[in-house]
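Only one chain is shown below, in structure tokens, and it's the form predicted on its own.
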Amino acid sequence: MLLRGLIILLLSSTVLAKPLYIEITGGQDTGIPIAILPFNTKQASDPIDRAVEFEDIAEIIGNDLHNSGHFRNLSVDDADHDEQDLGYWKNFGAANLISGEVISRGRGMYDVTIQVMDVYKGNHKPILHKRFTEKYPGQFRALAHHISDLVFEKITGIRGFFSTRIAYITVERVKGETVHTLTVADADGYNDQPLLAANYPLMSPKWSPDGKKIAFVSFRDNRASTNIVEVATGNIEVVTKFPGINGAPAWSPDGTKLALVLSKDGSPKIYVLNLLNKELVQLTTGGSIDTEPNWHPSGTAIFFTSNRGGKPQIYRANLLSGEVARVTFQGDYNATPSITPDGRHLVMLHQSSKGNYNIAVQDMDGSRVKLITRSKLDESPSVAPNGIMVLYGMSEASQNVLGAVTLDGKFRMRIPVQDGNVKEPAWSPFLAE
């Protein structure tokens, strides 16, 4: 059943956007040193074109690369901008040099060129040279993210995530009413767009593998339900509305199933719903509380949190054999599992010896657990689709905000959002170009 009544408020038409600033909270001096030159701009003679203001593509690329934790941007304000003198840039300390052009073609359209030089090798042939034609200024931010993806992959060999999106829930007071909003934004927090808002709780957003839908939990009419919303249209489908808990949806890697938590037959248990034929299969049994399912990238296992051992720990249910095994043993509290795309690491919420709740990474064989965040109360880790960063919620000065940290914990930043307490972030998959 499609529900449009769930959407009671679209804040994008009433709230004026504020400037957003990413705040680096740790590891500013890490990464590959790069120099990014201001892009040359060639305007057309048409007065209308000359009056157009557009986003600084070089600045966005620089922010993207630096905020990945893998690059360190060198200040070029006082440098000689001769991009052909690679010896100068090598002495300047740059490993790579990025430059480009924005050329007006009239009628409000522009061509954008980007090139990347390998300064250390001293080869004057660019390692990356691309030209993008007939772009409007409104497309510049998305284009800059795409260029960042190309540069990142060319230099590191890892696919860039800058064109992906994030989703999160905000809670704020609007005209005396508590409003819960499901928002989607660019991976850097910009271009945020409320997808739906309600005067009842919304929880647990999870992106579909194709990035076109988000599963979430609603408490409309004080009754829990699991729902799927189409990002492009806002159309909502209710997929479960059993008595009791309907929660924690998680998409299978092929997008045909949802793992979710239901208490319709007693204690909360993990179920798998086939979205094609609506067949519902119970995965876990017993009197324990089983919750927070997440799929292994292979689709052959589901990891989940359970108190079946007395305290919250993470378990793995093998979908082929039916075997359930505990996978976390260090500490009294481990929950909210996510698996890195390569299947090598388990990312989770871990209670430290100091009593803080932090994001931790465990090798899949259980041999090592490493804390990668330092605040007192973190929640909802979500791994980037290339596996190099983790998005999470954190409590700071009585406010819930978004943070991101590299998988090794060496680089941390705060991701900007507009207003309200922010919780339960989810990172999208790679999106189709």
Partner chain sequence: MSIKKILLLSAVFATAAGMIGCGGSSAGSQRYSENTYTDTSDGIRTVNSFYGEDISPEEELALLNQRIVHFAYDDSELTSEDKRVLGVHAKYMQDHPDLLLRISGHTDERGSREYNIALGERRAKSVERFMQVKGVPGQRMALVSYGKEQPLELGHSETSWAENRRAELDYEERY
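Positions refer to the first chain, counted from 1. Small disclaimer: the values here were computed from a predicted structure and weren't measured.
Beyond what is shown, the protein has a form predicted in complex with the partner chain; the following relates to that form.
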{"query": "Three-residue site Ala35, Gly100 and Val119 fully in contact with the partner chain in the predicted complex at 4.5 Å by heavy atom", "finding": "no"}
{"query": "Candidate stretches 215 to 223, 232 to 240, 339 to 347, 315 to 323 - the one whose heavy atoms come within 4.5 Å of the partner chain in the predicted complex", "finding": "215 to 223"}
{"query": "The unique member of Pro194, Gly189, Gly331, Pro268 whose heavy atoms fall within 4.5 Å of the partner chain in the predicted complex", "finding": "Pro268"}
{"query": "Among the candidates Thr113, Ser163, Ser252, Ser288, the residue which, in the predicted complex, approaches the partner chain to within 4.5 Å (heavy atoms)", "finding": "Ser288"}
{"query": "Heavy atom of Ser380 within 4.5 Å of the partner chain in the predicted complex", "finding": "yes"}
{"query": "is_contact(Leu74, the partner chain) in the predicted complex, heavy atom dist at most 4.5 Å", "finding": "no"}
{"query": "Heavy atom of Val179 within 4.5 Å of the partner chain in the predicted complex", "finding": "no"}
{"query": "Distance check, Glu396 to the partner chain in the predicted complex, heavy atom within 4.5 Å", "finding": "yes"}
